[in-house]
Structure formats: C-alpha cells, structure tokens
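Before any questions on how it binds or moves, here is one chain, the form predicted on its own, in structure tokens.
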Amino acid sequence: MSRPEVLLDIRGLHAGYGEVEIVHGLDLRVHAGEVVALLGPNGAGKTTTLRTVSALLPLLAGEVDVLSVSLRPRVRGTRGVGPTVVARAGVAHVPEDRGLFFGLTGREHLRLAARRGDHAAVDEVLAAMPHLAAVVDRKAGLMSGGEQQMLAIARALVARPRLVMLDELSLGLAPIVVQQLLPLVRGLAREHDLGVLLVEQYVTAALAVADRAHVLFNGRVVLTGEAAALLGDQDRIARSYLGLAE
C-alpha cells in the first residue's frame, strides 16, 4: 500500500520577522488524511511557522513545498510567491483571531469564501456542522466564541482546500467546547482526505486527535513522535515545554 500524498514538506525552515529569526531549522511533513499537532509554549514559533507556509512571512532560509507551490528565500529585487498563490493552490489558514467580520452573517461569510458558483460546498459544510447550521444566519458578532470558531473553520472548508492550518483553535474557549471542536477536525481530515496542521495549547486534547506531533521551544523542535505515544508520556511533554531535550 502506497504512503499518502505529502501535502506539506518543510525542510530546514528558518523564519521570523525582519532580521529577527524565530524558527530555527524546522523539519515537518503533513500527509493527506492526517492531523499533525505543532505544540509548544507561547513564543515558541508556532504561529510564525504557519504564517510562513501561507507566504505572509518570507523564508529566511530553508525550503517549503506546499501542494503545487515551492517557497524559497526571496532573491533581492524579486517579489517571490505571495499568499494568494498559496491559497489558490488549496491551503486554508485559520488565524488565531479567526478573521471574521462581525457585521456579516455566518452564511454571508461562507458564500463569500466558496469558490465561484460552488453553492453545494456551503450546504455540505453546514450538513457536517449542524451546530453551526442552527445559527448560520446570525451575525458573527452575535455568535458565541465556539460558534465563531466553527464559522472560521467552515469558511476555510467551503473553498475545498487540501491543507488546513488551524492556529490556536481553543483560544478563549471553554474546555468543553474544545472537546467538541477537535474531534470534528479529526473527522473532517479523515472524511475528506485533508491534511491538517494544528497549533494548539490544549496539549492532551490535541494529541488525542492528532497522528503525529512536534513540540517547539525557542523555535527549535525538542520533541517529536507519534501522538498516541506522547499522550501516554506526560512527563516527556512537560520536559519539552521546559526546553529539555529527550
């Protein structure tokens, strides 16, 4: 049996803001149908990694192949690949602030995000997310935090992406809501053969739905492995959050 398609291949990534390097030499892969968790304390470089894959930040060094797009360090005087190119290739990035327009209804968000004429995508996503379907005609600003997060995920899915990157899905949400959302992400990856790169602070919940995980500390990977194995060894996780190597 052949191995699932590689949707994201990061090799030796160095990334940051201006001349300030945040991520140092990251290697990471995401295959179709799997969820990969990117964990670590605040400031470890998780969001920087996602923003670099989306071409919102330039690579300082290293290589990123995401679907049909190759990202390389920019050559002086050239524009390089922009975020529109990455998005059109099939990458959906849900930022930690959710990026919603509070004056628009949920349905308006979905219709704007769907590819032109693809009304079926909106119906399919709402069928898979009945809790969102019940409030989809409500303005985003009047939704609860959990409903807003479901809307942000749904908006990403209606474009029929191949790779979905979720940044701090649990931010500001009650643990019980997180326990409902994360299994939804797992199910969507399996059902639609999506690759998911999940940045998350709820470590136990993330490992419960992920296939593999990487822990960053100060921009470097200090722990990596199968999620099920890491879930059963909380001491290793705790040590990695203190920057202690295996």
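Quick caveat: nothing in here was measured; it's all calculated off a predicted structure. Numbering starts at 1 and runs along the sequence shown.
Another form exists, predicted together with a small molecule; not displayed. Remarks below refer to it.
Candidate from Ala210, Leu182, Ala44, Val53 lying within 4.5 Å of the small molecule in the predicted bound form - any heavy atom: Exactly one listed residue reaches within 4.5 Å, namely Ala44.
Complete contact of Asp97, Tyr202 and Ala205 with the small molecule in the predicted bound form (any heavy atom, 4.5 Å): Heavy-atom distance to the small molecule in the predicted bound form: none of the three under 4.5 Å.
is_contact(Val222, the small molecule) in the predicted bound form, heavy atom dist at most 4.5 Å: Output for Val222 is no: heavy atoms all beyond 4.5 Å of the small molecule.
Taking 4.5 angstroms as the cut-off for heavy atoms, does Glu147 touch the small molecule in the predicted bound form? Glu147 lies outside the contact set for the small molecule.
Quick one: is Ile22 in contact with the small molecule in the predicted bound form, heavy atoms, 4.5 Å cut-off? Output for Ile22 is yes: heavy atoms within 4.5 Å of the small molecule.
Partner-proximal stretch of 34 to 42, 61 to 69, 190 to 198, 174 to 182 relative to the small molecule in the predicted bound form, 4.5 angstroms, heavy atom: Looking at the partner contacts, the answer comes out as 34 to 42.
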